[in-house]
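Shown next as structure tokens: one chain only, the form predicted on its own.
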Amino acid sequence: MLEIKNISKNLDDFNIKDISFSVNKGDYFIILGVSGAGKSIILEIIAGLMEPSSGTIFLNNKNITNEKIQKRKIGLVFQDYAVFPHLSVKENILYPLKKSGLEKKEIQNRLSQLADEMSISHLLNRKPDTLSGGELQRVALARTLALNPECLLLDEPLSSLDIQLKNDLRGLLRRINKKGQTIIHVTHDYEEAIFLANKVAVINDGKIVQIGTPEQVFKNPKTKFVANFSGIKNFFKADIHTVENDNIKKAVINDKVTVNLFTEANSGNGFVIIKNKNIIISNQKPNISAMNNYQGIIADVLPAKFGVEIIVDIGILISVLISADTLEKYNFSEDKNVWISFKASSVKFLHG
């Protein structure tokens, strides 16, 4: 449906380079990246607010690279909502419909439909300055959806909302998408991608570094940037070596630490991933069946989104995730000698 081919944009202090991806009808496509990675620039080029330096954009096999904004059948909801402050909610929604050529009855029906879908019927006579952030976002969505865009573009739509409003709006966006609306949504929050997307593109420094389903991207990151960005901290370059037992291989990390793992790879270099929630930390050497046991020193203790992150130096720095109760119970602190352990099955190897 929407195809982006080799789009580049040269700006004074930043460039996006050779961006290519396709979005099928009904997709929820999320472009994921840190602030300043180029996400919003891509949306503005697709919407027609900015011309690319090179490359082409096709919508339903039609080249729209140089098409006027009004003729693209693409709707963009800005991060700051961009509703008209001097108009009521009703007038904001009606604004694009008044120039649509629809009859008055059709316009009123469309207004009622959108207000119901967005749960803002009770707000129609209110002015934007009396609305919450979540309400403003719903008004902006209703106005943008009024003309039935082929593709809806969302620029960080949840970034300024509190947790409850985020959850409410996530549910609304999923419902809109399930009705068949194609959506491209840019964000820095990988949880939004996990919750909403059926396809994810990760962008870094103006380049797309990985595209796939959320499971493909987050469970099999292709680069250290993607792994770190998605919350996977233990991601190391490693070389695989076969041992006597063909089912068990050894991966040597940074020529310093050897880990046992299961992989079909017999040799070669790549990356090892060990999820920090799968690592056990203890004050004594554990008496368990884990094939990977290491003594180390706690280098740092950090607050984490879910619990506490402990950084252990075993020759390489390993991140371990524990609960606050476990931290207190075992008195883990900086410079303390500890043991960490994890199963061979908890180690994933990616070819380089």
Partner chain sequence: MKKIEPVNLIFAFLGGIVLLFILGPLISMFIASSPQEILETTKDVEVQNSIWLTLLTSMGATVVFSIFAIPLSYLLARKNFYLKNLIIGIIDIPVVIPHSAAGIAILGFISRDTVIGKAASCLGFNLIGHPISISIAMAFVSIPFLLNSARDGFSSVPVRLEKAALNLGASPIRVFFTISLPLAWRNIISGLIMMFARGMSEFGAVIIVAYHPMITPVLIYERFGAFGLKYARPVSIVFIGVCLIFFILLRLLSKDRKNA
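Numbering follows the first chain given and starts at 1. Treat the numbers as computed from the prediction; the structure is a model and nothing was measured.
The same protein also has a form predicted together with its partner chain, omitted here; what follows describes it.
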property: Contact flag, residue 264 vs its partner chain in the predicted complex, heavy atom cut 4.5 Å; result: no
property: Touches its partner chain in the predicted complex: residue 259 (any heavy atom, 4.5 Å); result: no
property: 4.5 Å heavy atom contact, residue 185 and its partner chain in the predicted complex; result: no
property: Interface membership of residue 126, its partner chain in the predicted complex, 4.5 Å heavy atom rule; result: no
property: Partner-proximal stretch of 192-200, 213-221, 247-255, 82-90 relative to its partner chain in the predicted complex, 4.5 angstroms, heavy atom; result: 82-90
property: Its partner chain in the predicted complex: contacted by all of 70, 76 and 96, heavy atom 4.5 Å; result: yes
property: In the predicted complex, the one of 169, 111, 147, 131 near its partner chain [non-hydrogen atom within 4.5 angstroms]; result: 147
property: Contact residue in the predicted complex, chosen from 314, 37, 47, 322 - any heavy atom within 4.5 Å of its partner chain; result: 47
